[in-house]
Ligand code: NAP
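Consider the single chain below, provided in structure tokens and representing the form predicted on its own.
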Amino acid sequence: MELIAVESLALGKWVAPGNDAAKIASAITGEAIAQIGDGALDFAAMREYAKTKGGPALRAMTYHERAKMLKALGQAIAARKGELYELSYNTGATKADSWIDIDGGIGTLMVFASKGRREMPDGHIYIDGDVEQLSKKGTFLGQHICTPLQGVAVHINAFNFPVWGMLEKLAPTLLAGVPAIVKPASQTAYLTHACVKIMMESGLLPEGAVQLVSGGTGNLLDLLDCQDVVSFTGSASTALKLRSSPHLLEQSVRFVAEQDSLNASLLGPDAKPGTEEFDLFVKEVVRELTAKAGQKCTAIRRILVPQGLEKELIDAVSARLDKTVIGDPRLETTRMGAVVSLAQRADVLEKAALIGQEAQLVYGGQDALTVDGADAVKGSFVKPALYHCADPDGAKLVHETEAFGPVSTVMGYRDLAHGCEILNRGGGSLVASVITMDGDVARQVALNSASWHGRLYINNRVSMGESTGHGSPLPHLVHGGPGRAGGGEEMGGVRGVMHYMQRTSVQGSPDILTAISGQWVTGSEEKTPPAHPFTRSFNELQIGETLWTDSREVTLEDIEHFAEFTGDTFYAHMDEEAAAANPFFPGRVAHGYLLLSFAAGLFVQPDPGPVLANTGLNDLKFMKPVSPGDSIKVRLTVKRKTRRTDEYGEVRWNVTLFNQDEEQVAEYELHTMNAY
């Protein structure tokens, strides 16, 4: 058969493998299916191309425009995902495994696209936190802003998720406005290459936004500086070698790592055999042993159960594993495919043998391997192996050795405190799970073990129908972990985007902060609109346009009527003596929500117009009570504008209420949807 040429994409052109390219074998047949590497690449030129072409083009786009691009990329890949599924079988992945990788990657693009539209501005500067008042009169303020780094992100990805592993890094990087040079693991790079081809053929990416290195990275890392980022997924030993590079250290190059992880799952003391939780625990363990043939950075490597339940757990897991058909992933009956290569199979068996020095093999082993529809010797198939460690306190290798395949170890704990100690013996992991119905158990694990894990997954009969599983990182949440897991925090929504941005504190006057941030800051210029703001379309409104209303007196009759009408007869509004005894009130005062209602009556323009709906308010504060006889007036200011659909956008208004002495009595942020 003709070998797939795994090309590189450099300087906008595809570069074929060289004459000395390495061969890539199918995980199922062991036969060569592709060739990669030894193509001449000028890494200095690639970095410069990314910085001078890709970076400026991405930064010229707003966050919303980048988010729309991510969504369109996801749709383009989804339209041709069948091509990727067909290639994915050669990695040893079943259709279900490929769904995690391919559809999971598409889904990650979509989530970042959605979060970019909802949580980031339709502009070029991301605001981080509130304005800080640095002076008594408010003429000197501070504000944290985030802007894209002006370098390149180098993504070094692992072999186990050639599509998702690329897209989960690309999504936050491109949303931040930073170009990427992607380096996939060679063993499955043909699948990454096919996905990049689809993205480039879509025409959606600006020139220089994405480049692909199929093969070695040469001197690329030695060219980086403080505006660049290295994001790595792989072994701890490789991560250490890369992150300790003198050049990266000297240049303070950001290094994000997701590496080895001895993840564990703990069966709560309440989850006895016969409970739904016990059955759920068994199901989770088996799924994590067999999905992707155990080649998941989040797979369960250590299984913790109350002492005395080890045998029942082993028997239950073994019974389910007996029903797991291992074979050619193209077969409908296959439930577990192969590890990615013969070399990986050898590594898994070598690491399992190390674990076997401290634990007893209670299920599996290569001698028990049978394979459907493929050659068990030529293909890189591994029989799931379950070990039992009788002395987890005295053991060392079971807490430090990751067999990156279908291998896991059962161990017993005396009490919950002991169980947490064993959880933490992994030295830091991406995820730990707890199966329990007991909230106190969940709380104790969180208090004692959360600092050692990037994610705590807690499941039971209530949530199991909708839960995504122990081993499923979600783009909404942080994916990473402390210690052995690398110390990184990939994804996590906007948190993931921040890896590729610089947080800067800006200091200046209110007008300066308004000019930089694109949103009105209290104390900056108030612009007089030519007509009532509610009669002006989204496009006509300008940041800082301000309406000052007339005043309205608040009477005792108003307060009593509001109390009777709403049923809110709280004593501060109805009982003069009791209200005066309260340290917050001088006597009877107006309801806070009465003031909001009067404020709306003062600033609302009632006729049909561009304002389509009031969708809520944020940050409501009551600063000073309003007594009968006081008057209030309102300042209504256009604070921020954000496009939402092709028909309307969101306007955020600063609403401030003042009394007759010009003292602020209340403030909030009003949200409306306005037609263009």
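So that there is no doubt, residue numbering starts at 1 and follows the sequence shown. Here the structure is a predicted model, which is why all the values come from computation and not from measurement.
Separately, the form predicted in complex with this ligand exists; it is not shown, and the next lines address it.
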>> Although the partner isn't part of this model, could you tell me whether Gly234 comes within 4.5 Å of this ligand in the predicted complex, counting any heavy atom of the residue?
In response: yes
>> Please tell me whether any heavy atom belonging to Cys297 falls inside 4.5 Å of a heavy atom of this ligand, as the geometry stands in the predicted complex.
In response: yes
>> Given that this ligand is not shown alongside this chain, does Asp228 nevertheless sit within 4.5 Å of it in the predicted complex, heavy atom to heavy atom?
In response: no
>> Test of understanding: in the predicted complex, would Ala158 fall inside 4.5 Å of this ligand by heavy atoms?
In response: yes
>> Let me test this: is every residue among Ala293, Gly426 and Ser472 within 4.5 Å of this ligand in the predicted complex, going by heavy atom positions?
In response: no
> Ok, Asn459, Thr401, Ser186, Thr522: which has a heavy atom sitting within 4.5 Å of this ligand in the predicted complex?
Replying inline: Ser186
>> Using a 4.5 Å heavy atom cut-off, which residue among His479, His193, Arg302, His453 comes into contact with this ligand in the predicted complex?
In response: His479
> Based on heavy atom distances of at most 4.5 Å to this ligand in the predicted complex, which listed stretch, 307-315, 255-263, 584-592, 409-417, is the contact stretch?
Replying inline: 255-263
